[in-house]
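In structure tokens, the next block holds one chain alone, the form predicted on its own.
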């Protein structure tokens, strides 16, 4: 007979204590600690096969054979496709389209691989309604509606699919544990057993997870360490665009980005994202920069609005750009261009609200602010790339070659960049006019001709 152990676990951060506290000592949240009783012995604690260590040179270096998810954008984020035996965690806000993209992908994968879709939140009839709306084709796709972990594992073993989907991990419960579904201990235990099953049988497993009100993945932090890939599905209720962002990937680069658009019949991938974040009009207060997300460069418009303030403290508002970055850029303009911006409100936004973390967008932000202030349109058909240093110099950015290539592909005629290597400059002489500058004053004199 197995004995029971009692522990107190914070449902917010997953920290465990031996006694109850009103406030979690780790994350300081109130009334989040719940007593949970778990079995002292787990069936996975038994050693099934005796293994021995081997020399590193004895390991066979066979190439990983991936299979496609059915979406090129999804494959990009995964690092080139789905790896057999891998465990992928997909998170996102409620209603963002997690189940939609997974069901579409399951249909496409089933044309070549065996797929099992486990739905723990919906009935088979509800899944069928979504399937008919998506108007997808399938070949070897099985649907299983169940919340009991033991039965789910038995069904996965019986079907033995190449690709299995769990929708979602918070709705599944292990009957050997007395805690409720969705609790930290349940999520941890269920994920661990599913991960062991996937590794032992070389089954690619995709797990859908909920998020908290702060946008973080719900459940213990160990859940993210347990899986091989963590992907976040982002978007809002106003825009139809959805961003699939890689946060962790053992089989590819992190921070890769896939872009989709939501329609009534499902999600469609966008292969040319520059077209949705830019506008060809040449007006005051708007510039174009080339940013990088993972290995992908694309163009984004930066919009600025500068008005005389009526308050003692001028307003500073940003959308898609870090507010502290804006404060730093404004200070550089005041110091090295000689314009007192403390008397003006400043609003900066990116095209489509896309979040830019690349510091090479600094120059574009600075030119758009000065363009709006003077009501002068910047140089037509131009792009601005460069990080602003505190001393006013324009510093080199990463992946500058690929950014210039993207600007040339889009038909941009002029690009303002920091000093280049002679080799890069010679490669683009015939495709785009490159203006090299060393500080912000040179950039302003060239970009705003009537300044």
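Numbering follows the first chain given and starts at 1. None of these values were measured; they are calculated from a predicted model.
Heads up, the form predicted together with a small molecule isn't pictured, but that's what we're talking about next.
Can you tell me which of 94-102, 183-191, 340-348, 322-330 lies within 4.5 Å of the small molecule in the model of the complex, counting heavy atoms only?
So the stretch in question is 94-102.
Among the candidate residues 175, 130, 199, 268, which is the single one with a non-hydrogen atom no more than 4.5 Å from the small molecule in the model of the complex?
It is 130.
Position in contact with the small molecule when the complex is considered in the model of the complex, options 134, 153, 276, 143, heavy atoms within 4.5 Å:
Contact check passes for 134.
Close approach of residue 264 to the small molecule in the model of the complex, 4.5 Å, heavy atom
Yes, residue 264 sits close enough to the small molecule in the model of the complex that at least one of its heavy atoms falls within 4.5 Å.
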